[in-house]
Structures are given as C-alpha cells and as structure tokens.
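Below you will find one chain, with nothing else, as structure tokens; this is the form predicted on its own, and questions on how it binds or moves follow later.
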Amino acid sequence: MKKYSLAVLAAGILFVAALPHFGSDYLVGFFFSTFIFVTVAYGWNLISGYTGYLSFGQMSFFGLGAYALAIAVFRYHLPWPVGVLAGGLLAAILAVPLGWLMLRLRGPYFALGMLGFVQILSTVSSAWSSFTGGGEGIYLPPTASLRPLYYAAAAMVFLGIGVTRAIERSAFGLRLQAIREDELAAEAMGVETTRLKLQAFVIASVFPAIAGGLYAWRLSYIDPSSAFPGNYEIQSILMTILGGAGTILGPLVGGLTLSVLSEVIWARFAELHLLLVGSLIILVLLFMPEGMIPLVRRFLARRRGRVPKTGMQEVRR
C-alpha cells in the first residue's frame, strides 16, 4: 500500500510538472483555478475539519492576501512573489489577536463572527480609497505567463498535503481532533485547548492569504468584490466536505472532483449548470455526508476487520 501511494504521488507530481509543456492554455488555467480553491480548502480543513470550528471567514485572509500583493506591487514596486509572501505573513500576524478573540466563541457564533469580520475588511477596503483604491480598485500589470503562478499554486497544494499529513500524524493533530469531538472532555484530560486552537487558526490563515495573492496577480486587478468573493468560500467548503473534512486528501480529491464535474456539466448544460451542480451537491450531502475519503477508508477497514480510531480514542492511548 505504501509503495502504491508513493507511485501515485510520483505520477501526480510528474503530471503537474509536465502539464504546462503539453497542455493548452485553457487546461493550465483550469488547474490553476482548481489549485487556488484547493489551497483555500486546506486552510478551512485545518480549522473546521480537524479542530471542529466551522468558519465562514477564510475569505477575510484571502482578501487580505490579495490586497497585500496589490499594494506591494502597485505602491512599493516589489516583485509579485514578495507580495504573495507578505500577504501570508500579514495574515499570520493578524490571525493571532483575531483568533484570540474569535475562538472564545463556539458553534454558530464563531461562524457568524468570522463572517462579520469579512464584512468589516470589505467595508474598510472600500472606504480607505487613498490606500486601497476603494471601489475603483487597483490595477496591476498583466501577467506575461501563467506558468509561474500555476507552479506556485501547485506548490501550495502539495504544501497543504504535507502540512496536513504532518499535523494528523502528530500529537498536535490528535489533540485538535479531540477538541473537535468534545472540547470540554479534552480540557478535562489536560489538553491546552486555547493554545492549540490558536496555533491551528494561525496556520489555517496562511493558505487562503497566499491563494488570494496568486489570484490577484492572475486577475491583474483587485477591488472589494473580487477580493472577498463569498462564492469562493462556499465552493472551497463544498470541496472539503465532498472529499472528506478532517482528512489529508479530502480537499484535493473533493476539489478535483467538483471542478471537473462542474466544468463538464457547464460545457454540456450551460443553462442548467447551477441547478444540476446544486442538485448533485445535495445528493452527496444526503447519501455521503462524511465525504469520499472516509467512505473508502471505512470500506477498507471493514475488509481488514478493523475500525478506524477517532482522535479522542488516540489521545486516551
């Protein structure tokens, strides 16, 4: 099984690396957009899938990264990679006090609080026209080639897989899963829930911020509506749920599946695209609520006569 996994990983890396050399511009653009969504999904997966704090505010960091890139390039004439990294760093810094406040809320209150923060940032970016360009936005130089952005987005996906894998196999990840299952019980067992939640929140903020910077450079323009797109938040959440929230490959599998299905449906049934995609998502949530990865994992565990352990069970060990 390990050799098979390594072979699949090697084949995936080879395909991603070779695609710009044999694929059309449309195909490269399609995978770039998919990688952007999947990168956001990996951030959401960490705070919501592993920690259990449902967030509707990842677009706040996405927009922050987009504006950081735009301002770094437009006002300070810095190279775009520096602007992208600056966005990720800024998001991590902001996530410390924000997480300290927001993670005091639980359940729907945390979700609504994060959603409100998105609206605050959107309003600030609209009102602070002298710095952000306001409603007129900021125009950026057009990208000469999509390849560097494509490889950067692909690298973020592989980084998301690597970080998620490292976290899941560590004591940190097991404690996050214990918090997800029962935070009060985890506290009673001596888990430092406040510190761990904050660490997860900070790490989760970096992925959408960098994705936002790459997206802004690709778009060559940024304004409040494009920096804080609510539909991107929903799509990234759906990708994670479809693949399996709280799993290593869930965002990737769900992202690729949803993107391909959506593109095929749009090409064949353009007028019914939203209706058919929405219906498909409802069916998945009804009959496969845990996602594709847990379903396969449970099937394999039954064949081997084993039952997968939960995060709380592992912590008790």
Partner chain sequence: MDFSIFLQLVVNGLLVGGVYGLMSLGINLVWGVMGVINLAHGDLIMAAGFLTFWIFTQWHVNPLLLLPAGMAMTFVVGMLSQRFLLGRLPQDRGAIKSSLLMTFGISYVVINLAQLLWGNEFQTVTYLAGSWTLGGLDFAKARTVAFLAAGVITTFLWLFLQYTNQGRAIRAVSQNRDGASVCGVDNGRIQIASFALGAGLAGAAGVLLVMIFAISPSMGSGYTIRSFAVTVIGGLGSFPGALCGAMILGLAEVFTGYMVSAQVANGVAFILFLVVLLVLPQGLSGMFRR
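Positions refer to the first chain, counted from 1. Values in this document were obtained by computation on a predicted structure and should not be read as measured data.
Missing here is the form predicted in complex with the partner chain; even so, the following discussion is about that form.
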> Pick from Ala166, Ile93, Val82, Leu105: which residue has any heavy atom within 4.5 angstroms of the partner chain in the model of the complex?
Replying inline: Leu105
> Using a 4.5 Å cut on heavy atoms, which of Ala155, Ala185, Leu115, Leu78 is close to the partner chain in the model of the complex?
Replying inline: Leu115
> Glu181 near the partner chain in the model of the complex, any heavy atom under 4.5 Å?
Replying inline: yes
> Does the partner chain come within 4.5 Å of any heavy atom of Asn231 in the model of the complex?
Replying inline: yes
>> Can you work out whether Ala127 and the partner chain are in contact in the model of the complex, taking contact to mean some heavy atom pair no more than 4.5 Å apart?
In response: yes
> Hey, in the model of the complex, is Thr123 touching the partner chain, heavy atoms inside 4.5 Å?
Replying inline: yes
> Can you say which of 197-205, 167-175, 115-123, 84-92 gets within 4.5 Å of the partner chain in the model of the complex, counting heavy atoms only?
Replying inline: 115-123
> Heavy atom within 4.5 Å of the partner chain in the model of the complex: which residues of 47-84 qualify?
Replying inline: Ser48, Gly52, Leu54, Phe56
